[in-house]
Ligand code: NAP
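Just one chain follows, in the form predicted alone, and it is written as structure tokens.
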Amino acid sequence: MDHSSGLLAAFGRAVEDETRLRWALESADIAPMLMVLVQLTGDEAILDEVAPFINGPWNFMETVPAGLKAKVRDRLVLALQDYARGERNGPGIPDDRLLHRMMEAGVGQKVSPEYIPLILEEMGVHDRDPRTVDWRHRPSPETLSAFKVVIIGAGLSGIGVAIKLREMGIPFTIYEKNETVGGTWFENTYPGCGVDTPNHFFSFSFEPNHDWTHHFSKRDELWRYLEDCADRYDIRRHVRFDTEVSAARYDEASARWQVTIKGADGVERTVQANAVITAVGQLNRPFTPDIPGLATFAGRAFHTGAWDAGADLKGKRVAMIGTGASGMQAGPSIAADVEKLTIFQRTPHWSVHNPNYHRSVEDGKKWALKNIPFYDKWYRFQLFWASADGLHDSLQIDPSWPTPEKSLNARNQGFRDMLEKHIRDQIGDDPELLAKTIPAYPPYGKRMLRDNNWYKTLKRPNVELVNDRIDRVVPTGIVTKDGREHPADIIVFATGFQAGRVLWPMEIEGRGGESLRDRWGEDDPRAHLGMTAPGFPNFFMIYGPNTNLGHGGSIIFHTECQVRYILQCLREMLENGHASMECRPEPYDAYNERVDAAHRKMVWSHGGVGNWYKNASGRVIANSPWRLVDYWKMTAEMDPTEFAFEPGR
């Protein structure tokens, strides 16, 4: 079926039951609905009429009068029916001028024209996924079958790159240390575990899910989505489960990687690969602080990232150490069941209120996402802007700003005012608690969290927030520096992960036996575009150094950028008969200098705050300083001049 006939069929499905269509439009969001109408009709008058009432990218930021919404719905029904009857030519993509107007109207904010190519790619105007890498000169079947790729990890990145390798016909094997796919969404089972990026954007662009039950879904639903993707694309048969990679060593004579694996039987084996792709993430090895006396604790102690399913918290005294992402999700989820929840906080986090956080997705909206052409694309763009690049400028340091200890610039101060107001609205009647919960540092200095009823939880009579430093653990609880003992039956560590030790505990040795761990030290990982490094041929990292999205956005979007780039690298080797390709030192050094220079102007380098984004010397090692559109441009086309190639053996 060609693109035009597929669209005609889609219009037919949308209008075959007008009663159902109108029912769905009652639940559909006005901004993407308006964008579809303008795309189908070119009616700029209705755009001018509605746009002033769209005040931001989230659906709760619009004030469109009911009568005007009804007007949009009625016109959209007529337009869809016209297309279904073939009374209009197939809908095209608006020209750049109109598309830019629509983008700005759809999010209620200024949007740079540089986003036009990106939104066109996101809208998927062609039959084929634009992030799929096509062969320019397809290698012979013999060449392809002889080329072996090892992928380490079957989480979302491993699944994503596997799907695209399979499309290209490049053989691969995934080694996964767990019993099934899903990575972090399989491993993390703590109460309240969920995503803090809206999940209609936190999903593969080529595999949208229109049946999410909530706008911000919980762990089980996210894991099922990844399981379904693995099954739909027949990836599971390529995975060796319960098998951990402990080392990978490059053999220069054969231009092959010797990968050491250990299965469930405990026996180590070695497999060979032409290329290795790591997809293990940055947040998969829990960090548990070394607290004196911890071994003497008489109760259970475990990390949120390795939740003890056998621990019954009901009626227990629980001590939770840490108030980051997992703590802010787990705390409110267990507070009602425990006798006492004592929360130990080093520094408070900023937490933003989003009315959609606990909301379910209406059935009518699900129907609209599935059946109304282009509606899901415009909705995804809204979420892209709302959760990512729309706020990037607020994270830049204004050197002339008068209160740098509290905020960075005027817009950042505006965020601070909004966040403080929310906290005061929740707990302002408790001055002592309020003093513990308002951060002294600028917004986004640490990871911005979602308010999962956190402040309401802190006001519960059985919850105590402790700011005093922990001195030691004793058999019956935790003692703070002031000498007070806090009784506990269970200790929960919500203390994050070993983000600075990228690829740890694997031992990676490249050309000349150089260890990647020695190159990086304990906490200074670096890579060109976050993916490659000199001295490590045919070795590619997904979610490598400086690719975490601290300003918001979907890590899946970033992953798709990296997957496309890596597949272009493999294509370059296979089409040209190269045995290896290796990043040159010059682009590697230049890129990392650009990264550091950009970070020096951003919030994560702020001297008044510590975070897991920085290493011991203060260098930001985890986060990308770029907007999503910047990284999308950087990775859209692999530059062969940045690599050294060796001929086939």
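Nothing here was measured: the structure is a model prediction, and the numbers come from that model. Numbering starts at 1 and follows the sequence shown.
Below, we turn to the form predicted in complex with this ligand, even though it does not appear here.
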_On the criterion of a non-hydrogen atom at 4.5 angstroms or closer, are 172, 541 and 559 all touching this ligand in the predicted bound form?_
no
*Is there any non-hydrogen atom of residue 323 lying within 4.5 Å of this ligand in the predicted bound form?*
yes
_Can you work out whether residue 283 and this ligand are in contact in the predicted bound form, taking contact to mean some heavy atom pair no more than 4.5 Å apart?_
yes
*Answer for residue 347 alone: is it within 4.5 Å of this ligand in the predicted bound form, judged on heavy atom distances?*
yes
*So in the predicted bound form, does any heavy atom of residue 196 sit within 4.5 Å of this ligand?*
yes
*Which one of 181, 502, 161, 494 is close to this ligand in the predicted bound form, taking close to mean a heavy atom within 4.5 Å?*
494
*Scan 528, 446, 365, 200 and let me know which has any heavy atom within 4.5 Å of this ligand in the predicted bound form.*
446
_Option from 378 to 386, 512 to 520, 563 to 571, 324 to 332 whose residues, in the predicted bound form, bring a heavy atom within 4.5 Å of this ligand_ = 324 to 332
*Quick one: name the residues from 216 to 236 with any non-hydrogen atom within 4.5 angstroms of this ligand in the predicted bound form.*
none
